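Given next, in structure tokens, is a single chain: the form predicted on its own.
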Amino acid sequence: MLQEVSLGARSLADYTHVVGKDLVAEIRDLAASLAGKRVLHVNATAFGGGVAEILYTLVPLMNDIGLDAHWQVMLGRDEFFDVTKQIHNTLQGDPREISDADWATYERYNLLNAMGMDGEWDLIVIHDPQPAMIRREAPDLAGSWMWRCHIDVSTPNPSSLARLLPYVNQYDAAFFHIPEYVPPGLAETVDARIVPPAIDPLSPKNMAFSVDDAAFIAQQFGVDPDRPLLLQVSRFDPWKDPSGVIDAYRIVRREVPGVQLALVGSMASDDPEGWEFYNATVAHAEGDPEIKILSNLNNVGAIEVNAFQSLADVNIQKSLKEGFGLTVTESMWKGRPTIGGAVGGIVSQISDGETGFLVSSPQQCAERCIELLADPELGRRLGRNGKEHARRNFLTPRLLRDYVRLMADLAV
């Protein structure tokens, strides 16, 4: 049996003051004909990544509007997650080939998970490549199937895409973050939609935080709230380029001697490479006491991330590849100036010079940081624009509407 994730309650009405009455009413109207429909979300982990953060809010809100929604996590061992991390990397462009033996491991675990599923569902939503084959192995479990792609597949390794695409082409619908992620060869029978992810503005990670409270929490981790702080929140992953952020910080430090850097991440159960890149990041920092490298293993949770993002003078997400980058939206929602890598879904969030800055190198990142630290009014302007852009486009009720709209269109 797959592991059912226990969830708290959420009320759509609580979001009315944030997103407006019109959107809430639209969602209620769309959901009226779907009362009691059974929806199951399946992914690889219940913590440590953006998918899990989304589902902790989205699934309870689905229940609040009358659906019978559930979330289950697939079962796997290290050998499976080693392979799925390879699949993830190759779909994002890593040229290395995945062996037939590793693909066999992937298929074996998908079959085992499919055999462990039960119940009758109106819609099953499969998230990302890890469980993508389940649809083929258990097609009768649901009336409709949807695949949700959370990664950047704009320049995939052709070999990996060719192995995965036959599984995806069996789905009724698929959600992608931006048009460039819709892969060539996707079957015309798959209803492909462009649906960005979203953050929960009322969660502990994103709720309003006072400067004093943020400063108090950051101090517990050795940060001086009276000196400039650069921050990147992300997994320890080569695509997030933590070493490049350290290089940018070192350039900034030559111009702004008192600047500090915090790299805050989490160690996820489906990311076996995480420790390797965490250790590489620590090594690249070379013991600099002004670089704080923190994770959930240092008791950094949602509240602490909120504090760091709310306090930082510049929030950074200098990714080399990025499906979307929820941390970009989180920073923008807090009204802080944000710098992102000019890649993937980050480009749909940041309009360069309007809602933040886009960069393509450590040097460019450093130059923008220096500019923002020298001109606080510029940072405030970008922060205000970014917050409004996030409010209009990237909050959970909008994502809920897109799911319900699909269900109505599929006649679930």
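A residue's number is simply how far along the shown sequence it sits, counting from 1. These numbers come from a predicted model, not from an experiment.
We do not show the form predicted in complex with a small molecule, though everything after this point is about it.
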item: Listed residue (P242, P131, G341, G265) with a non-hydrogen atom within 4.5 angstroms of the small molecule in the predicted complex; value: G265
item: Contact assignment for the small molecule in the predicted complex, among R135, R235, K292, H127, heavy atom within 4.5 Å; value: R235
item: Residue stretch of 182-190, 243-251, 96-104, 317-325 approaching the small molecule in the predicted complex, non-hydrogen atom distance within 4.5 Å; value: 317-325
item: Contact label in the predicted complex: R336 to the small molecule, heavy atom within 4.5 Å; value: no
item: Contact of V305 with the small molecule in the predicted complex (heavy atom, 4.5 Å); value: yes
item: Contact flag, K205 vs the small molecule in the predicted complex, heavy atom cut 4.5 Å; value: yes
item: Non-hydrogen atom contact E330 with the small molecule in the predicted complex at 4.5 angstroms; value: yes
